[in-house]
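In the form predicted alone, a lone chain appears below as structure tokens.
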């Protein structure tokens, strides 16, 4: 076993109905963000920035196509070499082994043993952050406990009911861990468990072997959560930018956060780079009729209309006379002349006909599924009924 070497486990099995229809045909991990990124880019980048060269990813069955489309061979994250590799395993395979009373953690245990790593980090794609895992490891080594848990103080409205919150002493010791739905709120901010853990690999292997004998959850994230208060655990407070994605509003607000220069720089231009799939495309074209204010654009777009307070992804066409306000437009959308889109999320390859209005509110943005053709007005307040052609 190599001293100070770390391997990584990236869990991506949580599903949130409140994110539908955006996650109908993709996992949360590949949801587009900030024009050219996917949510999985953030944990993957934190992992490779910590010089971790092996990653074991867990996904649900039927949700891996967009993952392979985005990650490919792993070149952008330096995971395509002889010694730098990633592995993808299906969560349902764990469940099948468990249903047949077999050693259901065996594939993960094999990975951990072959990694010859002293430490293991677990992360998920739900928390958008740019975290220095080397700093977390340093705290873990100093405290010399079985587990180090990363948390952040956040407002209660930024916490999902199934998230875990921590009760801490003044010196950071954990006194209680429970789901937020069972938590009695005592202050304006709560200690949100970010489900980022660093543990000793030997300890994790032992616990997994014992756990499968006892029928513990096949979900590794749930498994680690249940261990927090049963072993000696340290805490690490994340003080940088964080968005917790669990419903349409949290995704919409996090996307618009990137129009704030301070938040944008904190997440994407800190001392750690965020890596994503590279595409060699032409620059975005802005015609003389275009009017742009406080917005972000990826490459390959054609902008002839008005765009304000919005995020526009690759290959989008916005015709003359259109208005896009406070909206998220995903790749390859086409907004035709005279259309107006406000407080909305348009998934990829959506077409909006000339003169059509799609109007939501900041609290209730309108969401249009991918590949759809909008022919009539859609207003969130119900004044007009939208008609969508597939």
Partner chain sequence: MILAGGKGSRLGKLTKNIAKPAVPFGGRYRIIDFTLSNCANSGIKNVGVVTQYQPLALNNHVDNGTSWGLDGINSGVTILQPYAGSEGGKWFEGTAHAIYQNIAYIDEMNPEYLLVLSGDHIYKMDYEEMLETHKANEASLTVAVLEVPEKEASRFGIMNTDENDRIIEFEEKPENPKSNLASMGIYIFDWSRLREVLLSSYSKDDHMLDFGKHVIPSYLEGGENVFVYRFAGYWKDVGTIDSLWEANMEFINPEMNLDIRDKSWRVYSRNTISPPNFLTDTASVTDSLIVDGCYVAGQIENSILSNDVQVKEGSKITDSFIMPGASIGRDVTIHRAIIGEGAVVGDNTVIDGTEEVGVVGYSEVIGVTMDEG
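Residue numbers count along the first chain shown, from 1. On a predicted model such as this, the values are computed, not experimentally measured, just so you know.
FYI, the form predicted together with its partner chain isn't displayed, but the following is about it.
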Using heavy atoms only and a 4.5 Å cut-off, determine which of 52, 35, 339, 344 is in contact with its partner chain in the model of the complex. 35
Partner-free chain; cross-checking its partner chain in the model of the complex, the single residue of 216, 276, 244, 233 with a heavy atom within 4.5 Å is 276
Against its partner chain in the model of the complex, would residue 147 count as a contact residue? Criterion: heavy atoms within 4.5 Å. no
Would you check, heavy atoms only and a 4.5 Å threshold, whether residue 281 touches its partner chain in the model of the complex? yes
Although the partner isn't part of this model, could you tell me whether residue 86 comes within 4.5 Å of its partner chain in the model of the complex, counting any heavy atom of the residue? no
Does its partner chain come within 4.5 Å of any heavy atom of residue 269 in the model of the complex? yes
Check for me: heavy atom within 4.5 Å of its partner chain in the model of the complex, for each of 330, 364 and 366, yes or no. no
Just to confirm the contact call: exactly one of 97-105, 135-143, 254-262, 203-211 touches its partner chain in the model of the complex at a 4.5 Å heavy atom cutoff, so which is it? 254-262
Interface residues of 291-312 toward its partner chain, as seen in the model of the complex [heavy atoms, 4.5 Å]: 292, 293, 294, 295, 296, 297, 298, 299, 300, 301, 302
